[in-house]
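A lone chain, given as structure tokens: the form predicted on its own.
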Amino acid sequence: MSHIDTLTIVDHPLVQHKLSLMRDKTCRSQDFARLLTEISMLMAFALTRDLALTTQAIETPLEPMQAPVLAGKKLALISILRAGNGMLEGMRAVIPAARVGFVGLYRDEVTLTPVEYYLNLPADLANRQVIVLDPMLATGNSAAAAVDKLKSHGAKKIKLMTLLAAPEGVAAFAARHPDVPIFTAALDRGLNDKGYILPGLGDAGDRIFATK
């Protein structure tokens, strides 16, 4: 745990090793995307550790039993476009029945504030565990704005899953949403004057989709 008690750092050795490979500027786009998928799958276990279970009657090849199954509505995975899509494949590999939604935000390069351009959300968010996906928690503005939008559509149980976080972003997000746990693979040193995480790994979206 960090000094901010809503933050969990997923420090599993495999997560940390794969993240180091992603940080390397020589990591190719296809390898970067694959590693992000693999890390997302590993982090999924930490985020879903407290899901509620119930039992269901099934027949094994040998006898009937009451088998544990997930309780309640299916989870909702919400990708903050575009970089959040890089985490979707891994999460859906582990939770294939999850409902998927999208919040389109881009960061104004002058003010560093988020601007919404797209929204498509699953129904009945109030009764679902919602996991927000965004690889970088830098200033925290985009993630906080996305969670504002989800709450306005009824979401109550929300977690934020990110690959890297800066202390400034964690503090800003936690101040606006102290009820939303943050899960990240690393808490980096801080932000540069353009709002990028240091040492970081560059622009996650550009590296996933090879747009630069």
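Position 1 is the first residue in the sequence shown; the rest follow in order. In this text, all values refer to a predicted model and were calculated from it rather than measured experimentally.
This next part talks about the form predicted together with uracil, which is not shown.
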*Which of these stretches, 71 to 79, 92 to 100, 115 to 123, 131 to 139, has heavy atoms within 4.5 Å of uracil in the predicted bound form?*
131 to 139
*Classify residue 22 as contacting or not contacting uracil in the predicted bound form by the rule of any non-hydrogen atom within 4.5 angstroms, answering yes or no.*
no
*Going through 70 to 88 from first to last, which residues have a non-hydrogen atom within 4.5 Å of uracil in the predicted bound form?*
none
